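Quick heads-up: it's one chain on its own, the form predicted alone, in structure tokens.
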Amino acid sequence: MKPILISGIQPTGRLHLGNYLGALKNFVDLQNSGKYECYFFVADLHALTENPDAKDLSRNIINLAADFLAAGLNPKKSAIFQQSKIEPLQELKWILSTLTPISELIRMTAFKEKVLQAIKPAEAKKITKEKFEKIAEGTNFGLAEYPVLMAADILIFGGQFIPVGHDQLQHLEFTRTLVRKFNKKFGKTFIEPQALLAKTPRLMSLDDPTKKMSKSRPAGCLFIDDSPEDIERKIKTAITDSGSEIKYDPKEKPGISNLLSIIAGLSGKSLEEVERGFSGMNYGETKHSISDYVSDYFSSFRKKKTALLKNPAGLKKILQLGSGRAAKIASKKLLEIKNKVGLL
């Protein structure tokens, strides 16, 4: 049997280039490697921690399903499903939560960052434990228990390999800790999942290369379904640096380095190769070439996504079928778990 690989993406809006290189492109490559039994899901329960509008969330779920398929995920090769349709998840999350100290959850780096995101970085560094706890009191509990649900996502399917970014490594280690706790108390039930880290560039905002690319800064964000005109406009107006040399140097030339990172990420070439390819060009020529490359790269994706969104019922059907397939695996695993803890 092939090892089980599982990962998901939250339906919180349009995917940008950082999302694509950090997750979706990797999902497709892993699926097509033929090495794994793959489970990829729309993480709609996780998205609730952002308190989305109901209509927006419903629309984003379908939009993300279209992104999955247009990018190359194939329901004949992978289980593509909706997280909220897997009912055994909630029971396993509860069981795992009884093994989880509250103090461990509020020490998580991602939770701290969420709690302090409205505070200036300089102020956040100086904040006291008491002040942090006071601010955290106003935070929804879903943000704190996020790692428990993530652990349930993985363990209910017997996940062995998890494609994650560096920002999720702490959560994955938390899952591994829960596995050891559970197995020690109830007997061998789970295996410790391993991280699969993709070599992806840290893309920065086109309008401010000192800040990470984010959908909260749409002017500096390249969305993977952007039109060729939008791609050209955003790259043309991207912040560059003093001088005219096309060189990868994030410290001295963060603007042009960010653009070179985009091409390296999409092409699979090294930064040295990309840098040589633009040797002798000025900034204007380089930007024009990069916008053409990005537009052409996503040309097929845009056409497929447009066609898929014309048939939302078809997208819902794919999610329904994938969720049914995944639920059968999850239900079987839950029976084993409940038997181990004495609930059967």
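Take the two forms, superpose them, and find the largest set of C-alpha atoms that agree within 1.5 Å; that set is the rigid core. Being a predicted model, the structure only gives us computed values, none of them experimental. We number the residues from 1 along the sequence you see.
The discussion below concerns the form predicted in complex with a small molecule, not included here.
Q: Tell me, yes or no, whether Gly18 is in contact with the small molecule in the model of the complex, where a contact means a heavy atom of each within 4.5 Å.
A: Gly18: yes, in contact with the small molecule in the model of the complex.
Q: Closest heavy atom of Arg202 to the small molecule in the model of the complex, within 4.5 Å or not?
A: Arg202 belongs to the contact set for the small molecule.
Q: If you check in the model of the complex, is Gly22 within 4.5 Å of the small molecule, heavy atoms only?
A: Answer yes; at least one heavy atom of Gly22 falls within 4.5 Å of the small molecule in the model of the complex.
Q: My question is simply whether Ser323 lines the interface with the small molecule in the model of the complex - judged by any non-hydrogen atom within 4.5 Å.
A: Ser323: no, not in contact with the small molecule in the model of the complex.
Q: Decide yes or no: are Pro3, Gln31 and Ala195 jointly within 4.5 Å of the small molecule in the model of the complex, with each residue judged by its heavy atoms?
A: Checked in the model of the complex: no contact with the small molecule for any of the three.
Q: Have a look at Leu178, Ile86, Leu222, Val164 for me and say which one sits with a heavy atom within 4.5 Å of the small molecule in the model of the complex.
A: Selected option: Val164.
Q: So the small molecule isn't shown here. In the model of the complex, which residue out of Ser244, Asn74, Ser267, Ser214 has a non-hydrogen atom within 4.5 Å of it?
A: Flagged contact: Ser214.
Q: The chain here is shown without the small molecule. Which stretch in 167 to 175, 249 to 257, 100 to 108, 229 to 237 comes within 4.5 angstroms of it in the model of the complex, by heavy atom distance?
A: Residues of 167 to 175 come within 4.5 Å of the partner.
Q: Using a superposition on the rigid core, decide whether the Cα position of Asn258 changes by 2 angstroms or more between the shown form and the other one.
A: Yes.
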